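In structure tokens, one chain follows: the form predicted on its own.
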């Protein structure tokens, strides 16, 4: 009887597997394609509640300064203005989005309080009957500043005597288990470098990359008769946004309802809970629906980009192409606040030293605060630029040795059972076969012994 049940289950799951993979090699229509091309898809801006108000933001005109005063009298005198909001109107003004998974400390105000730390930081929100009145009033908010020294380079930010960007941390780096960076130590890199036939070191640098979605960041908040708030948002993460907004508003999550899931482009850039809290406060203060949406300038200037990263890689290499040691110094520019950058650095460290088995690995991965726009998520952030650097390094080593770049990768590629630098056993690897197939497709001839290599064994590597 037990054997019979086992056979039925096996057949059942085999059928499910066949159904699941039936789309491979086929043209499959996206489930949302028809709505997009016919214009029937509803985005958050398709909502048009009666008596809707508009929020626009007065933003910092300094990279780093103390706020000595905020005068909203001229803004409030603009016809159509309902009220102005400052940090005092936000129930929990200080937050960090990763507190939901226990990563802190709270280090970013919703509306600037006491200090501005990057150009374009939100200082004062204006709520008005029309967008034009809101823009006009936001421009009339008068903020007096006392300028502070600013720092814009990751290594300069870590140098002794550098101005402190964010006093909630007390220094210009995020702390990991008591260390000034996320560290990775595996084997003896110093010995590998000392005994190598060659030592190669190069530096790699990226710039911040804006996601540039067709639809800019925004939301519409509609107060409900039962006291709840219905939030129409283009967030990429509905529950993440709901929970963080509830914490900022100091309200139970059940008092909020997020309506989302349709995003006009995001690519990671719409997970920062940047507009919903302010729009909710405005809706609660006025009892009316409120719309808060970035214009294109704001999307490009103040929405959080992929972090700029600087990477130094030093490799110990033998004449036969084996990389016996890899030392990496990695700096990610978090900008003025943490947001998702501490998590990205952990991802970076976990990805070291790439898909290669290197017996000695040393890495220091720094999450650095500067007076630049806070960076955040974008398409594999923390790994994408690192991969660019690691693979560029492999190509440069191959050129320096006069070696075939694919053969160099095959020699060093990780196999099933190899221990990675962060002490996890590799399984399900397929890099060897992928390289072999890529070589076949492009007509890149590999010697027979390289064509016989397998991810299942290091034999022949």
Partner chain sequence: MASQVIALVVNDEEREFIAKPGTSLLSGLRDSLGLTAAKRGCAQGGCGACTVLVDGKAVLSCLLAVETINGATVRTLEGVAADGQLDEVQSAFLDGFATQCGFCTPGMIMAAEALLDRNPDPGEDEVAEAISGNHCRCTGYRPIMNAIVDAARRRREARAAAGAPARVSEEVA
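Residue numbers count along the first chain shown, from 1. Every value quoted in this text rests on a predicted model; they were computed, and no experiment measured them.
Keep in mind that the form predicted in complex with its partner chain is not shown, yet the notes after this line are about it.
- If you check its partner chain in the model of the complex, you find no heavy atom from any of 159, 314 and 421 within 4.5 Å.
- From the list 189-197, 235-243, 139-147, 212-220, the contact stretch for its partner chain in the model of the complex under a 4.5 Å heavy atom rule is 212-220.
- Contact check for residue 247: every heavy atom lies farther than 4.5 Å from its partner chain in the model of the complex.
- In the model of the complex, none of the heavy atoms of residue 61 sits within 4.5 Å of a heavy atom of its partner chain.
- At least one heavy atom of residue 39 is located within 4.5 Å of its partner chain in the model of the complex.
- Its partner chain in the model of the complex is not approached by residue 395, whose heavy atoms all lie more than 4.5 angstroms from it.
- Contact annotation: of the candidates 399, 68, 51, 30, the single residue with a non-hydrogen atom within 4.5 angstroms of its partner chain in the model of the complex is 30.
- Taking a 4.5 Å heavy atom cutoff to its partner chain in the model of the complex, the contact residue among 118, 173, 294, 356 is 294.
- Contacts between stretch 44-60 and its partner chain, counted in the model of the complex as any heavy atom lying within 4.5 Å, involve 45, 46, listed in sequence order.
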